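So this first bit is one chain, no partners, the form predicted on its own, shown in structure tokens.
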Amino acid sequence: MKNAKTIGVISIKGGVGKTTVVSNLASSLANQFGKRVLVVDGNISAPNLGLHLGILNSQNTLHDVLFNNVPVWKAVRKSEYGFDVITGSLLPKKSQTRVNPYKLHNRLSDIKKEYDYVIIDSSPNLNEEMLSTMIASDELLVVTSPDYPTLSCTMHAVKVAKERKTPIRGLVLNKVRDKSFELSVSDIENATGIPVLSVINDDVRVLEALSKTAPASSYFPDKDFSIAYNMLASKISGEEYKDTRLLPRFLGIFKR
């Protein structure tokens, strides 16, 4: 049995929807493509993945694993959305935020054979926590949004990842509103030198799903943003996904 491919999801600017991308990508991989998926909250100092999924009281967390209290398998929780989760302690002790950046990689190696994909939700800060995610990952996704401040941060994140020699699979362009003042896909690709794998439109229903502690792609499976996550999961897994919506099919015929 092969080890899971480990994907680190990073950004160095808060508010771009990184954790939302993590939970929705996991849901799409698990439910659309039947993959065994483990999601890990690698945001050691301020974990909130559990809040996105309604998992608030884990008996064991990633903090317990990293600070030598329990083996990694004891921290795994099953979510109701088809994938497994290792959450962080919502109120970690100060002593539990000083991270040895190699420990996450070492601990996850004990469980990777149980999964097809391990997805790590990184800290949004350029610190030892993000370095920990980079070391533990086989490849990275960088989440960005179509504005200049975020692009600047994204370019910095790409630079750091290249210096660490962790391959970048691509960018996820999130919270797109289709306004003329937004940066285009080509603008962002030209500035970063990294391909945009997915464009996900901003939609208030993503926040509605979050209020229900559910991935939006599970709560609203037929909406455009859910289809975008399924198409992203298709690219990650290398498996075919057919977009059954009428308008994209019509536009594709028109373009041909």
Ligand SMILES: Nc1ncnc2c1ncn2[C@@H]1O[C@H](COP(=O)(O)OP(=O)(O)OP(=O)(O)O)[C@@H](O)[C@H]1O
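Each residue number is its position in the shown sequence, starting from 1. Just so it is clear, the structure is predicted and the values come from calculations on it, not from any experiment.
As for the form predicted together with the ligand, it is not shown, yet the points below apply to it.
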*Using a 4.5 Å heavy atom cut-off, are 15, 20 and 175 all in contact with the ligand in the model of the complex?*
yes
*asked:* Can you work out which of 226, 198, 43, 61 has a heavy atom no more than 4.5 Å from the ligand in the model of the complex?
replied: 43
*asked:* Within 4.5 Å, heavy atoms only, which of 194, 231, 55, 210 is in contact with the ligand in the model of the complex?
replied: 210
*Where does the ligand sit in the model of the complex: which of 112-120, 81-89, 130-138, 167-175, heavy atoms within 4.5 Å?*
167-175
*asked:* Residue-level contact is defined here as any heavy atom of the residue lying within 4.5 Å of the ligand in the model of the complex; does residue 206 satisfy this criterion?
replied: yes
*the ligand contact at residue 146 in the model of the complex, heavy atom, 4.5 Å*: no
